[in-house]
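The form predicted alone is given below as one chain in structure tokens.
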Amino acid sequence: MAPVLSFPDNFLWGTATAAHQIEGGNTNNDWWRFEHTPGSGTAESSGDACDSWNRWNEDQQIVSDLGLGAYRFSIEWSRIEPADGEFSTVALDHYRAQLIAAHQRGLKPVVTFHHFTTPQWLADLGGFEYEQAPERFGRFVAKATEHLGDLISMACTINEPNIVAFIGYRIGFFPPGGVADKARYDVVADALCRAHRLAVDALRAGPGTFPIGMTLSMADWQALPGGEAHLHEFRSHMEDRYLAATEGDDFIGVQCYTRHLVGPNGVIEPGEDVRRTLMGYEFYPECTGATVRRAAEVTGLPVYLTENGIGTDNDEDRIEYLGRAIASAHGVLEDGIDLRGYFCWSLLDNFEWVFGYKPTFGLVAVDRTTFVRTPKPSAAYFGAIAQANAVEV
């Protein structure tokens, strides 16, 4: 008989989405403009996405039907503040209705305030290179919290600030694009860390009492002989500068998908014989245990796995990945690390940024024409784990 790994009674199981990836029609942010800029490299427009602006009730019902305890989603800044200092009560009420419905379904709503998208008006001022951008973000968070805070169960300030800064300003696959400038990257990285701290203050000053944290993209960095110095360098600028900004937070959200091998000449790309996902990552579910351990060690904070999953068109691979990843996460509990929850990315097959709709991360398939949702076998598999609060190895 296969061993069964049980989780603590209060362990939180959930799934996650992001507004721009599922809502559709988010035409007022920097990503929409980037998608429609010739030469940006974006495969296709987000367009109507999964039409979740209108079908959010159906999405929540799927989460509930799977037996999960939480749903993580983001609120779209450019809808709530469509112009500098101008706030939309209609948009805030729209998200408030989602929060009310989540509670009615017994789901804990986990709200992300910035998931990769910035309003076009702020992008026109220079985005997070604009000196007052952190204050503008803090003002937005304060206004949103005033309207929504009494219904929030957990808050994530900024989703993967390291990816926003690095991919946008060192690689150019994110807005503003076409940039390979370390000085500008440093400015944006520092601004995002300051924005996080201002957001924490705004959240704590508003109504409601709930845990607050940042979510960070992390990887299992592994040094081969001679690669130790490079590993320290990569991890320092991709993780540690942001982890340092979490002091005083209630948790750290870890988001991981793979590992990176580092040799004497830097990061080693996976060879042709290495099993890969649709994103080109190495298929390596055990990244969960390593990244949670490191986040806990560096910050001393409780940890949630706020994103983990796989882009694949083979659902059997997704089931294998999730089982191994969750088993790896369980290992940190045995070591006494305070891991409090696991969120599968993603609920839906959605817009995967520069890659368009090709990489499918969803537990649920979405017809690109009719928007009909069809849960995959992996959805039932993950739901069964959550309901049992245990995974069979």
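Just so it is clear, the structure is predicted and the values come from calculations on it, not from any experiment. The first residue of the sequence shown is number 1, and the count goes up from there.
Below: the form predicted in complex with a small molecule, not depicted.
The candidate site formed by D220, E286 and S328 is entirely out of contact with the small molecule in the predicted complex, as no residue has a non-hydrogen atom within 4.5 angstroms of it. Only one of the listed residues (Y242, F140, F251, Y257) places a non-hydrogen atom within 4.5 angstroms of the small molecule in the predicted complex, and that residue is Y257. Taking N159, T246, S78, S74 one by one, only a single residue has any non-hydrogen atom within 4.5 Å of the small molecule in the predicted complex, and it is N159.
Shown alone here, E352 lies within 4.5 Å of the small molecule in the predicted complex, counting heavy atoms only.
Shown alone here, W56 lies farther than 4.5 Å from the small molecule in the predicted complex, counting heavy atoms only. Residue contact check for F116: one or more of its heavy atoms lie within 4.5 Å of the small molecule in the predicted complex. Contact check for T15: every heavy atom lies farther than 4.5 Å from the small molecule in the predicted complex.
Looking at 364-372, 344-352, 27-35, 330-338, the stretch with residues near the small molecule in the predicted complex, meaning non-hydrogen atoms within 4.5 angstroms, turns out to be 344-352.
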